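The chain below stands alone and is given in structure tokens; this is the form predicted on its own.
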Amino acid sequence: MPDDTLRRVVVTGLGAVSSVGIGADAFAAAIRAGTTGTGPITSFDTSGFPHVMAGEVRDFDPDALLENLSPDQWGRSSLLGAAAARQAVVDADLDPELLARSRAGSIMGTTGGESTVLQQLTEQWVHQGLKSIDPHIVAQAPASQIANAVNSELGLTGDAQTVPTACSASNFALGYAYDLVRTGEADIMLAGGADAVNRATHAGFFQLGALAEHTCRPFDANRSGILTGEGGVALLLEPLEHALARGARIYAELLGYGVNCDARHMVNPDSTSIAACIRRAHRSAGVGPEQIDYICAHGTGTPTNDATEVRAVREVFGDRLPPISSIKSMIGHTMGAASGFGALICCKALQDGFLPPTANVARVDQRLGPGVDCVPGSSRPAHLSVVQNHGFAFGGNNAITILGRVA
């Protein structure tokens, strides 16, 4: 499609269900303060696990946040995603009935899909036999239910796609939704992601040797791994002209995105491929490295990830590294929701003028090289114009979104 027919796409609504706060404002305030939302796991029996910490949403009450879904008909990931989407619509000040009549839909990312449902079914099978499996619960199991829940909650009749590209999935979802809106295939889209803390994910990362015992401390000299986390996040996207016509508050413009795949190793990221993805995102957004004011890092806190990510950034930015921080230090690794939470905090940072921090940093790892400003401890004021949001996943799936202040 010719560039002169493409629409500019802006973010006008935000929703968050996280371990540090429910609602975008509460989430952003906690992140700005460097609040840590991880603690001992309560959602499953951790007997036998030497590492028992995660970022759980312990005060999640779907009945209080949802209007149309019956919580007993849906899995936890679907409810987290739908609750975030409902918040984003309210935050955007859109008439729900008008939204339902619009060309609108949802693209939601995930890693484990309805992992807690699968956990429950597995426990039934193991302890009581295959015939004991509850067919009512089986119907909740497909990962596609996450986007279905968003559309069902909001009465949307457009696309309902659940993108399973693991820990970069929300950025993939944002890119897909952005394309639908800018080309005119949709007028309003909800994009984000959802995942729930569960035994299988926790056990998998433990077996990989990627779990920290107590604390996630990205970029720290003594970092030792991730903490698993959960949550739902949604951003509402609409054309700039539509947002201006209705007098909407505009958090940011989604300027472009880049995606690629290392196609090299299942778990070990590749700096050259990530650098190529960064350049692709810059070309899509029409910006150069010198224009990036901040990077919201994938920043898992594993020794390999942080070193590889910084190396890729150096390949693109040279000696001028923008501030680069990781909110996973506070909420844990929320899997498919991770880059969605990154995009949300980028929007808030652009709007309110601050650099999100990396918590739990005692000493920045000097092996990362000079000039790494990970904004340790708590946020600090900054005027931001263009920001970069990273999402990397097992299998080498990289996705990067670029957001900017609306000129």
Partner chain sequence: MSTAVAVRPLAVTGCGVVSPAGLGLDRLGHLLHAAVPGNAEPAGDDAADFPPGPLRAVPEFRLADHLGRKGTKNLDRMTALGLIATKLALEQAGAELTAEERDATGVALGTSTGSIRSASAVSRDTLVQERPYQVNPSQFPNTVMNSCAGQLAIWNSLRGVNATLAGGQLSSLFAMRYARVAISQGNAARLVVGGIEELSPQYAWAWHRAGALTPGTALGEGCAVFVVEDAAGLAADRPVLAEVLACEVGFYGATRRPGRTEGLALSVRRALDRSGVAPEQVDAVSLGATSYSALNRVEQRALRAVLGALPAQVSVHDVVGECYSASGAMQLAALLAHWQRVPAPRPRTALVTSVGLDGNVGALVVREGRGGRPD
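Residue numbers count along the first chain shown, from 1. In this text the structure is predicted, and so the values were computed from the model without any measurement.
What comes next is about the form predicted together with the partner chain, which is not displayed.
Undergrad: Please name which of the stretches 359-367, 374-382, 24-32, 46-54 has residues with heavy atoms lying within 4.5 Å of the partner chain in the predicted complex.
TA: Result for this chain: 46-54.
Undergrad: Thinking of Phe172, Tyr176 and Arg280 as one candidate spot, does the partner chain come within 4.5 Å of a heavy atom in every one of them in the predicted complex?
TA: All of them do, each having a heavy atom within 4.5 Å of the partner.
Undergrad: Would you classify Ser78 as touching the partner chain in the predicted complex, given a 4.5 Å non-hydrogen atom cut-off?
TA: Taking the distances in the predicted complex, the answer for Ser78 is no, it never comes within 4.5 Å of the partner chain.
Undergrad: Would His265 count as touching the partner chain in the predicted complex under a 4.5 Å heavy atom rule?
TA: Yes, His265 is a contact residue.
Undergrad: With the partner left out here, check for me: in the predicted complex, does some heavy atom of Cys296 sit within 4.5 Å of the partner chain?
TA: No, no contact at 4.5 Å.
Undergrad: At 4.5 Å between heavy atoms, is Gly155 in contact with the partner chain in the predicted complex?
TA: Looking in the predicted complex, residue contacts with the partner chain include Gly155, since a heavy atom lies within 4.5 Å.
Undergrad: Can you name the residues of 134-161 that have a non-hydrogen atom within 4.5 angstroms of the partner chain in the predicted complex?
TA: Read in sequence order, the residues that approach the partner chain (within 4.5 Å, in the predicted complex) are Pro135, Val138, Pro142, Ala143, Ser144, Gln145, Asn148, Asn151, Ser152, Gly155, Leu156, Thr157, Gly158, Asp159, Ala160, Gln161.
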